[in-house]
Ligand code: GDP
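First comes one chain, alone, set out as structure tokens in the form predicted alone.
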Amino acid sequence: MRVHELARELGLRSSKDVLDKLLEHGMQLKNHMSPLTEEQEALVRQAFPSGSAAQAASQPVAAPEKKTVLVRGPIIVKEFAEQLGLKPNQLIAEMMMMNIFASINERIDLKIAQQLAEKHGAHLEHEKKQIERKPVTKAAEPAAEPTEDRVEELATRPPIVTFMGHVDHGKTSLLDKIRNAKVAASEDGGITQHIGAYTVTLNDRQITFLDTPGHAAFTQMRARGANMTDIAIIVIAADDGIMPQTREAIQHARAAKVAIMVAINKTDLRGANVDRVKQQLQKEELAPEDWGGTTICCPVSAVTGAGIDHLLEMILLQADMLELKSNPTRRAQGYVIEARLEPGMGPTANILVKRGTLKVGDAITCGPYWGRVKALISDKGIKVRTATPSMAVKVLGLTAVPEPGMEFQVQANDRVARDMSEKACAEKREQEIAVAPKRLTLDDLMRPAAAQAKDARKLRIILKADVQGSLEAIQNALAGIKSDKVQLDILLTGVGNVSSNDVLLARASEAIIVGFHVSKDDGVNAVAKREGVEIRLYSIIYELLDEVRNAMVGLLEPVVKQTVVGHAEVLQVFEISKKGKIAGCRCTDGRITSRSRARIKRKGEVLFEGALNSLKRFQNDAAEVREGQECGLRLDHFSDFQVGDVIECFEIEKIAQQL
């Protein structure tokens, strides 16, 4: 038997397999036509059992498995296209062929996604809930901290105090006197613009003060300050007494269920009347202690410093009565007081630790954001390693700027913090797109422009502020401007200076840019001038709100009002070849002015209405002709005067509409 015959019988693909096997045993043949001895044939048959190779060759090649696409939560066009290995515009084009119109950030139905996946040879698996990551080992997952603290772990902590009250009643000045610093002098308009936190030491004991603004626009910030605090001190000017914002502050303190104290400020003024303030407090159900009530009232003066020591002693006494305690050994937990984006530092947050101890290097989560604490800076600008309960510090290391009032918490490690942040981001995103927007149809595209003209007029603005708290406060104040005639549309809000991108967005959206306590980046003025975008910067909130309100009024067409000022009768018509006809008239009532408009009436019918071209009396130009006087006048584009015509003069007044 020859080599090629044996290979065919054994089902081998080529004779080379036989030759290679013989060569391994030192038997060399020339080619596949060479004859084999019985010994060689037996050796090959033993190496390649009959039928095994043939069976392997005869088995069909398995079809490639479908790619599995796993989707969690809502199916978004952009993400789904990436999972299918397509560009978003390709996927949008394919959906348009299916008569489905969706934008890049819009979500699509599960059935549509399954059809698209099948079209591209993929199998779609959809999970509504986030799959929890399984730990590699039981020891790798850190144990969760108990929510309740044991009594033996609790230690006394400093009280957190908030000054609240009416604007200009001396909250910041009073705090200045306590901590011997000047803040009010640097505030524009003498109004505190942001929430600050300061620690004061008295007799080896500490007190943390939260200074909240008193203006009505910062209502929510003030309410948040009350929720963070243990003791709310209502500051009332002894000469003004209780004002509307004072009552508002009392309501917030009661809603937060915190202890209330009263500081009667400006007692050094001649018009100060402490007893009158105490009478007003009784009407607000805050009876003073010396009048048989339970509310501690301390007369003070931020100018002379009188009563300050007594106020601080009463704060410590109130704290002892409240028995404020916290566990300093657990992971830190607290709230964000203020947050901003600072040059050279990135996102920073002023936080207040409620319990636990915050350390440099801790992994913290704050809503959808997380980070590792890079540095802690005290209110005095000193870098510290730890922050104990009731201590306010600035934190560096977060991934983004959180919102004021957000709760922060220290996690076991970076992985846990990152996972919790991703989960919070997914939940927030799912809430934002829970209701899918209406798809664009051809009917919408073919709708005439006249149908869209019925929409209310819009004032579009881009709002920039230096800190998140001011941004939120201004938004709330602008939301309070109600109008059925003009709609205020805030296209974009952000923290930081006005940038070129803001100008380009304003140009595309026909919007104006409003900035509060911010400046412009380099080159922004040139871009704004080229694009024709108006940028308004403010440092006082009153001016900002007034300007926006005036801009909304400016969008309304003024109401045109006609006022008849006088009548004249045509007595004679004069022909002048160069200038046409001139009417010689006598003013019968009222007056005729050169700025007036005229209406020609003949037998009760109006023939013409237009402006006066000239008004003369005895060859001289006249500004005004009164009742009983004669004059000559000429009108634009009308000269067909007749004796007996009545000329009615009127003035047009444009009156601005109200919102």
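Note that the structure is predicted; figures quoted are calculated from it, not measured. Position 1 is the first residue in the sequence shown; the rest follow in order.
The same protein has a further form, the form predicted in complex with guanosine-5'-diphosphate, not shown here; the description that follows concerns it.
The closest heavy atom approach of P389 to guanosine-5'-diphosphate in the model of the complex falls outside 4.5 Å. In the model of the complex, guanosine-5'-diphosphate sits within 4.5 Å of a heavy atom of S301. Although the partner is absent here, T208 sits far enough away that none of its heavy atoms falls within 4.5 Å of guanosine-5'-diphosphate in the model of the complex. Mapping the unseen interface onto this chain, T172 counts among the residues with a heavy atom inside 4.5 Å of guanosine-5'-diphosphate in the model of the complex. Scanning D268, E118, E422, E543 against guanosine-5'-diphosphate in the model of the complex with a 4.5 Å heavy atom cut-off leaves one residue, D268. Put simply, of L459, V167, L86, V553 only one has a heavy atom within 4.5 Å of guanosine-5'-diphosphate in the model of the complex, and it is V167. For guanosine-5'-diphosphate in the model of the complex, the listed stretch (559-567, 501-509, 159-167, 342-350) containing residues with heavy atoms inside 4.5 Å is 159-167.
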